[in-house]
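One chain follows as structure tokens, the form predicted alone.
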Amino acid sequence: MKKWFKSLGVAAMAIAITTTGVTAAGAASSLSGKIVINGSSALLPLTLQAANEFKKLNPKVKISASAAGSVTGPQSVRKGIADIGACDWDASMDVPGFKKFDGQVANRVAVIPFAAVVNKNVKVDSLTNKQLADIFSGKITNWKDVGGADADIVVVNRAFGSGTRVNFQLKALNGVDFMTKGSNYKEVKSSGDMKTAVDTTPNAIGYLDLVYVSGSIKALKINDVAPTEANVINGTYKVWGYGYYMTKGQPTGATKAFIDYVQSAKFQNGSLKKLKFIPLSAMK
């Protein structure tokens, strides 16, 4: 896993899973086919792990995965170049900024907590929704105005089409529009790029899903509530969303088997939790 995370900073990454294996019963699976997955970089670690495990059980199935942002998932499914579109919102419905993708089915696969993150030199530990909205819209430009040092804030944003951006804007900023330019504004294409930018830019603030929060970057509390699994489940931390695998109609064949595996209790309560996602069953 550590080797995978080192490569997550690329904007779009195609990965062919070629490991071989057998079923738990010892007999090779007869399931065959090819599954192409595109879309959310937030869901990429989950997709890679699930693909690796699924391939060991079904060595005749080939899986390739890429991550260029949530909107590219359902777009790729619509164009017929992907079987699964990984997306951080239900793309079968209208959401602010995006029309629904007719004919697509949204298959929930995970609960994704998102967090505001800052560079290690930032001395602020908690911000309110209003303070976050004012920072990301450009109204507050110095850390001293929110209890930090006298230093210009560097805002790092995801490019339009990011599902993490959609969720963060709706749930952390209460729908307030982002700033889009300025000398202290940066825009990145993927979750990995966001992590790198915040980690290497003094006084920077950005946002990520929890699976990417590691090393020296710091996740902020929002309204004094930490972005933890427990706080998402108990309802006190509000900045989270469902992750979806979009398909053209109901999934069939190897695609259905793969989605079923990701939704299975074994994966949900095992690898998915280890990656800092939250099982679907926890929110029922």
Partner chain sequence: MIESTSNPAIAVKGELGRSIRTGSGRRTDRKNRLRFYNRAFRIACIASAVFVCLILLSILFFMFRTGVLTFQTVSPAKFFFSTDWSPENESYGAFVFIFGTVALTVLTLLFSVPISVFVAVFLAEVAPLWLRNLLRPILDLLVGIPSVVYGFLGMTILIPLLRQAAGTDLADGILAASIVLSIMVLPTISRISDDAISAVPKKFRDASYALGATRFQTTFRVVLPSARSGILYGVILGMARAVGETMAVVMVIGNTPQLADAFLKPTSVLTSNIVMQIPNVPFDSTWNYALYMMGFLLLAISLLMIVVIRVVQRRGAKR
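The structure presented is a predicted model; accordingly, all values stated were derived computationally and were not measured. Numbering follows the first chain given and starts at 1.
Although it is not shown, the form predicted together with its partner chain is what the next lines describe.
J.: Can you pick the stretch from 129-137, 210-218, 102-110, 155-163 whose heavy atoms fall within 4.5 Å of its partner chain in the predicted bound form?
T.: Every other range fails; the passing one is 155-163.
J.: Within 4.5 Å, heavy atoms only: does I35 come near its partner chain in the predicted bound form?
T.: So I35 does not count as contacting its partner chain.
J.: Is there a heavy atom of N167 no more than 4.5 Å from a heavy atom of its partner chain in the predicted bound form?
T.: Taking the distances in the predicted bound form, the answer for N167 is no, it never comes within 4.5 Å of its partner chain.
J.: Taking heavy atoms only, is N174 within 4.5 angstroms of its partner chain in the predicted bound form?
T.: No, N174 sits far enough from its partner chain in the predicted bound form that none of its heavy atoms falls within 4.5 Å.
J.: Consider A68 of the chain shown here, and say whether it contacts its partner chain in the predicted bound form, taking contact as heavy atoms within 4.5 Å.
T.: The answer is yes: A68 has a heavy atom within 4.5 Å of its partner chain.
J.: Between 170-196 and its partner chain in the predicted bound form, list the residues on our side with a heavy atom within 4.5 Å.
T.: Residues within 4.5 Å: T180, K181, G182, S183, N184, Y185, K186, E187, V188, K189, D193, T196.
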